[in-house]
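This document starts with one chain, in the form predicted alone, laid out as structure tokens.
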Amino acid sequence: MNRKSLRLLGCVAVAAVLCLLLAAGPAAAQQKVIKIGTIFPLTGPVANAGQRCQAAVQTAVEIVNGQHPGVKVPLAKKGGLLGGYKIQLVHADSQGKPDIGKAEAERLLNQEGVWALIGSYNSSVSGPASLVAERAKKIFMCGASSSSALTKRNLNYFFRLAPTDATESAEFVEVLKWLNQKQNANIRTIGIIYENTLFGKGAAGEAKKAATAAGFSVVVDVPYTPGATNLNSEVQTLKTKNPDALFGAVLGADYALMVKTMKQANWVPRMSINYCSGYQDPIIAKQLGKDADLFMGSNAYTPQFATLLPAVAAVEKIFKTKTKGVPFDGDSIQEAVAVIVLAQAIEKAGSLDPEKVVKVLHESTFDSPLSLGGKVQFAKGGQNIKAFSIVTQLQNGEYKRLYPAELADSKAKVVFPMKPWNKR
């Protein structure tokens, strides 16, 4: 073989090797990717909340994937997981509808090939979507859905970060007793308004149970259809019964409509206390302005909690770049925590074997500087037993910490009873 032929053969060989390397490149890159699906209501009556939850997941993934020495949360400095793996998100819109959420869970798992799921804000969506994950033996991290029924199903792959409606119902009743003792409030009767969903019906049931056990009388309970165009008859029913206190399980735009309808009907109860609902939505609070004041509710986070959760500031700075300056609320921050806890479990397991990661999730306690409890620990069924919230009251657009006493703002005083509309 002459020299020309040898040179030609050498060039062909080099080209072949280069082709093999180029072909292997994407496959090698794919081996370093952990695909995680998200399911949130990106459209519909609670779209604002869903979009913030998605932004929170994106924020947490950005922190885990990168190197952020100024962010004081676990794994912020590592630049990925397991020696270089990066999380890649695949998003889905549930529209707040259970059937769509279930179908999207199936698509994400079966067609997109995601390794785990995160979602879904609405308890009525998280329920069926997480059953899809359970059948597939895939992890489902649930940040904000609060229905206590979700962690009573004895699932192995489901993990919920937020407090439950049962926990918050008990806390609300304690607040009523506290007001009766502190201000001689003489609260005796309770009304309940709730959306006709898993979340709403579950919250109403827990409210009745807690109230009755504490000696209060539930004089009226009013369900409504989510996304209602008016709540006139529901508010009139409440006004007729005129309970001392109102418990509300009302989400998103429905909450704003409820408040506006109360004003139109010229009625407020002596106090109104709300689950993790439209009450804590910073956009809705801003839209309602003064009309939102003096309502009460539970929060896992507001900007007024900054002194309690100093690690949030650096994370929230990234989050705001994705939300046009809107801060975290209690729901969205729980979704960020879900990502960070899952990332810690993967790293501790040293593996992407779901069974090994699930075992770590069940058996470990995780640092969580974005949570009021400071730690995350899951009981059987997947409930975070370290989760709790603070009862606040909106005063001049700020969420004032009131209860429990050890976490209350020392300068805040509860306004009771609520002022009538014409005296605000």
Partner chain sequence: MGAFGSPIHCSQRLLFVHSMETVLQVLIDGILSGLLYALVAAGLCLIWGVMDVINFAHGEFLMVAMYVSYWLGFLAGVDPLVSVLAAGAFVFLLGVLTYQLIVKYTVGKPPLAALLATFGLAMLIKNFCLNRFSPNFRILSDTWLGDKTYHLGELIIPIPQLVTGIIALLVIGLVYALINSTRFGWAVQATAMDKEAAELMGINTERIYLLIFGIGGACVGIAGGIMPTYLAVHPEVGSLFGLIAFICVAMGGFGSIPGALFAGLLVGVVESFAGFYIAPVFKYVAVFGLYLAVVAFRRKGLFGW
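Positions refer to the first chain, counted from 1. Model, not experiment: these values are computed from the prediction.
Omitted from view is the form predicted together with its partner chain, to which the following refers.
Colleague: Of the listed stretches (264-272, 295-303, 342-350, 160-168), which one has a non-hydrogen atom within 4.5 Å of its partner chain in the predicted complex?
Modeller: Flagged stretch: 264-272.
Colleague: Among Ile118, Ala92, Leu81, Ala253, which has at least one heavy atom within 4.5 Å of its partner chain in the predicted complex?
Modeller: Flagged contact: Ala253.
Colleague: Its partner chain isn't shown here, but in the predicted complex which of Gln51, Gln58, Asn65, Gln377 has a heavy atom within 4.5 Å of it?
Modeller: It is Gln51.
Colleague: Would all three of Gly37, Val360 and Ser364 be in contact with its partner chain in the predicted complex, where contact means some heavy atom lies within 4.5 Å?
Modeller: No residue of the spot touches its partner chain in the predicted complex.
Colleague: Contact with its partner chain in the predicted complex for Thr189, defined as at least one heavy atom pair within 4.5 Å: yes or no?
Modeller: Close contact is absent here: in the predicted complex, Thr189 is far from its partner chain, nothing within 4.5 Å, heavy atoms only.
Colleague: Is Gly373 near its partner chain? Define near as a heavy atom within 4.5 Å, in the predicted complex.
Modeller: Close contact is absent here: in the predicted complex, Gly373 is far from its partner chain, nothing within 4.5 Å, heavy atoms only.
Colleague: According to a 4.5 angstroms non-hydrogen atom cut-off, is Asn232 in contact with its partner chain in the predicted complex?
Modeller: It does: once its partner chain is placed as it appears in the predicted complex, Asn232 has a heavy atom within 4.5 Å of it.
Colleague: Tell me, yes or no, whether Asp291 is in contact with its partner chain in the predicted complex, where a contact means a heavy atom of each within 4.5 Å.
Modeller: Yes, contact at 4.5 Å.
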